[in-house]
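Below you will find one chain, with nothing else, as structure tokens; this is the form predicted alone, and questions on how it binds or moves follow later.
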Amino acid sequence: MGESTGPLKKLPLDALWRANEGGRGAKKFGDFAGYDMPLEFEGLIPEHNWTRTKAGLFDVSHMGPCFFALPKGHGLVGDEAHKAVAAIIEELVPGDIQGLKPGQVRYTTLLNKDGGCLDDLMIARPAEPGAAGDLYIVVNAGTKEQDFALIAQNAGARANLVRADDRCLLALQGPSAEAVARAVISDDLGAMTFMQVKRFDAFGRLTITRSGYTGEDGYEILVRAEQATALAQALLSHPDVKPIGLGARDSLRLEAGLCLYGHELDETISPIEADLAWIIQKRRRASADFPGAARILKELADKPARKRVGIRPLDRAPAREGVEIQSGGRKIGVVTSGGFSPILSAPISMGYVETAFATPGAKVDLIIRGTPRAAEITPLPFVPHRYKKG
């Protein structure tokens, strides 16, 4: 699942995931971004289907949560404080962070000077008035050291980055997630909608976003390590909740058509090529003051040379990362992620093709073990999202 040079880091809840209480202990662990992660409990397909029908609990504590805040005593209040801290992070991302309302979360990308993606991340403006001048940010596991260093170095003395990756981050995902969260944590969780954030005085203090990486409704819950076992056990005691491993997390996000950094996104790929133009709001397009703006705005106007697409193989052979995509015997792209969709009972893939071939319905060939296999470009997501919108 990943490469590491030293001993694997253990999750704070490692003992819980290894314990076989009620037959729920993980059966398979593996390396992902240097962490020893539970990959499977019952098996990928039953875990995947449980999340789509009930609620799955994922440990995503390998991710990089942090708080980014103006220095203490900054003297600013409300929107003025928010705009000041947001302006600093906007020097690195193309999203309109200054325009966030209290309690709103935005998905965006860290950019290099050429407009390539250094990472994708979530940035939230806390709902609480006392947290004006703070942002809650979650970056990816494999890039968090570089991300944190870049954000802190860029900010200098203007703002402080406080890492929270010594805490636990749990994701509760699926159609039963709201009922479970209301029963276990707070009834007020029902009032939250997709891409909102709020703090709750339960299990110590929780920072909760209504978001996730499965296409289902759900929450991501940041909890202090000393309270994490109690929270996880309380959630798992609900009959609709089972622990879910990293394997099903990947198959769920693939069905949902969501990017995985290092696959659909990297330092050479722009948000426009990745079909993420929607993350660049009107104000930022007009100001053109983010890294790589010249390239990105040109691609917006003229279309990029390549584009991320969904791909449906027309037989049962899955096309995985690295498979060449051809048309008329000529290479036109490459698969970046692929596997089997339990919901569609069929293979699915994502990849990049020359923009001329990116239209849904276009026929292409996937070169699997030297043999061309027929496939078709298809709209994303493969399985509809079921977020709770406002």
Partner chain sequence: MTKKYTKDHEWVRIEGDVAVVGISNFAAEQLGDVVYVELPAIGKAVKQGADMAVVESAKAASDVYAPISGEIVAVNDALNGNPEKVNEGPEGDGWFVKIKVANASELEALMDEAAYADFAKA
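Just so we're clear, the structure is a prediction, and the values are computed from it rather than from any experiment. Numbering follows the first chain given and starts at 1.
What follows is about the form predicted in complex with the partner chain, which we do not show.
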property: Three-residue site G257, H263 and K363 fully in contact with the partner chain in the model of the complex at 4.5 Å by heavy atom; result: no
property: Contact assignment for the partner chain in the model of the complex, among R163, R320, R285, R158, heavy atom within 4.5 Å; result: R320
property: Heavy atom within 4.5 Å of the partner chain in the model of the complex - the one residue of M63, A358, C66, L44 that qualifies; result: L44
property: Interface stretch in the model of the complex with the partner chain - options 186 to 194, 126 to 134, 312 to 320, 222 to 230, non-hydrogen atom within 4.5 Å; result: 312 to 320
property: Close approach of K28 to the partner chain in the model of the complex, 4.5 Å, heavy atom; result: yes
property: Contact label in the model of the complex: E40 to the partner chain, heavy atom within 4.5 Å; result: yes
property: Contact set, 364 to 382 vs the partner chain in the model of the complex - heavy atom within 4.5 angstroms; result: R369, R373
